[in-house]
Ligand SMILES: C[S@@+](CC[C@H](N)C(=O)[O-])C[C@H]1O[C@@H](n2cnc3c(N)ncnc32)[C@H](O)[C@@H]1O
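Here's a solo chain for you in structure tokens, the form predicted alone.
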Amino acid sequence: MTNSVYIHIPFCANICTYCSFCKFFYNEKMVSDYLNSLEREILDTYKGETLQTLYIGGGTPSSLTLDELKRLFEILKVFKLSDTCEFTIEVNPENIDLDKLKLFKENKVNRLSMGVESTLKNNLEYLGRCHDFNLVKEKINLIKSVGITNINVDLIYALKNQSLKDLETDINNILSLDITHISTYSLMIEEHTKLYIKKETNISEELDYLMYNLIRNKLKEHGFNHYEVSNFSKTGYESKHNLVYWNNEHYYGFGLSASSYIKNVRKTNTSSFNDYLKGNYVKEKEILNEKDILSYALILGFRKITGINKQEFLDKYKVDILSLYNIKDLIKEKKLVNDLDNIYISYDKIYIENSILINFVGD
């Protein structure tokens, strides 16, 4: 059963220096053409399931005009939403206003994810961001004023010349916003980004590790639950949509570069604007066998701090998790913990989780 949808809106008013996602400078004609093609893709693919999560990401969805957003929401009315559906849209501080927020609220959006990234001027300039912390505070209060209180903020750390004190200032400033969820990302210099073209390099692994520990210790002190490698929430405010991914459940992905997982097929859409407008939506398709499905289940499930519930895994896949790969050896090596209900990565090994997850990559 497919109960979740991701929608990609690839337009931005400004291109950040670190971003490797599929995106374009905002263009009115391109937006109109794109929304028409998005509507066709949804109508061709969606089977009428009732959704538990709906997520609009980008790009910057809030870079669309009010009329364009109204058009988008008209397209999305084909979806059947459950009474408890978590409906998220990504926004930037500089292009949301009261009218857009009221439109979100009228269309059942109940969760916002704001790209803050940093609260310090030099960091924001390095990342190519167009706001300051005063604007962030103003817009967070505006969001709350329309009755949307489930708010995520993105934080990027491990920037060139960033100190632990700088990071602590960022964390304290974000905590002062009184929000419910924080997503943290260690800056990676990726190909096809402005930072890569400028030949910037990543900070030392030692400092990155110290920053990661500072984040998780500081947020824990302030009542945030560290529930996934990079994600922290107040109790009950975990991202239901992202948990769909980490629980290896099925979801639709619509729009440029969006991914889908339905039945035993993983699909990735094209990043070519022209191909997408022609209706050539899918770029890659992976048909999974049983081993592939189990491999994804382990790699994704162990991203959660509580790991994988053994009984639920057995019920879902008809396989004892302890019989797979070298899980028993990893438990003996104290890289995995086997408690009464769950198997999970030892908390002191989470920073090096990739060296553990590599054990579950299929042949």
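Predicted model only: the values in this text are computed from it and were never measured. Residue indices: 1-based, along the sequence shown.
FYI, the form predicted together with the ligand isn't displayed, but the following is about it.
Although the partner is absent here, G255 is not a contact residue: none of its heavy atoms lies within 4.5 angstroms of the ligand in the predicted complex. For M188, a non-hydrogen atom is located within 4.5 Å of the ligand in the predicted complex, even though that partner is not displayed. In the predicted complex, the ligand stays beyond 4.5 Å of every heavy atom belonging to Y351. The ligand in the predicted complex comes within 4.5 Å of no heavy atom belonging to I143.
Here is the short version: of I171, V109, I156, I182, the single residue with a heavy atom within 4.5 Å of the ligand in the predicted complex is I156. Interface residue among R129, H241, K100, K139 relative to the ligand in the predicted complex, by the heavy atom within 4.5 Å criterion: R129. Note that among 323-331, 307-315, 30-38, 54-62, the stretch whose heavy atoms approach the ligand to within 4.5 Å in the predicted complex is 54-62.
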